[in-house]
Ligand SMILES: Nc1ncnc2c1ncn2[C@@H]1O[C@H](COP(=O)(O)OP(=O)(O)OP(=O)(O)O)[C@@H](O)[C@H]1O
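Consider the single chain below, provided in structure tokens and representing the form predicted on its own.
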């Protein structure tokens, strides 16, 4: 029985003469953080858009928990269990912190939309929202406007929204961007915790974060995966040193 949650099989996408992704095959396994690194223009963002359905592949297949999702819409893929968080914030600033989580929970569980129930008085919904807020340490900020949060706290809220969807896999694009050292460490520890809920596919330029967090790393260059391995294997790989880490020694 396969241990993979997300399987990508020979995925390819081009834009005119440029091959953004070329025959990419990857497997993201249970309980792991799988980092995706590579130079700018290597195809990382294109691959994420293909996985989430915002771009359509030319050929190749995508499987989530052994079910093919290659031609589902982004919304359908989210419902199947893909939770994504990008550099551009998806939180609603003029909603409170807890309202942002409630909205995500309503999207996941349409039963919360019972027209006979006042959403603001739904104790079950509130209890579930606070459960997730406590997990990321935002329960004391629950009634504050999201706009009032610090940059690091907004990252926590985005992660909390993703967790609340109870996904089969998390996709995070540059989650450490703009964070100070303390905030980055908090997010790093949070990722180590939530990978037990679902594996994480991580795009991150900060190599210290990648090497301290990832269980495995895949390196992209010119739209192709040139190597996949453990952190130790990636650090020792001469091709990776030359292409991405900036040294041949």
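Just so it is clear, the model here is predicted, and its values are computed rather than measured. Residue numbers count along the first chain shown, from 1.
The form predicted together with this ligand exists for this protein as well; it is not shown, and the discussion that follows is about that form.
- Only one of 234, 11, 225, 20 lies close to this ligand in the predicted complex, with a heavy atom inside 4.5 Å, and it is 20.
- Exactly one listed residue, out of 50, 28, 214, 42, brings a non-hydrogen atom to within 4.5 Å of this ligand in the predicted complex: 42.
- Put simply, residue 174 is close to this ligand in the predicted complex: some heavy atom of it is within 4.5 Å.
- Under a 4.5 angstroms non-hydrogen atom cutoff, this ligand in the predicted complex has residue 205 among its neighbouring residues.
- Not displayed here, this ligand is approached by residue 46 to within 4.5 Å at the level of heavy atoms in the predicted complex.
- Partner proximity in the predicted complex, defined as non-hydrogen atoms within 4.5 angstroms of this ligand, places exactly one of 64-72, 176-184, 190-198, 32-40 at the interface: 32-40.
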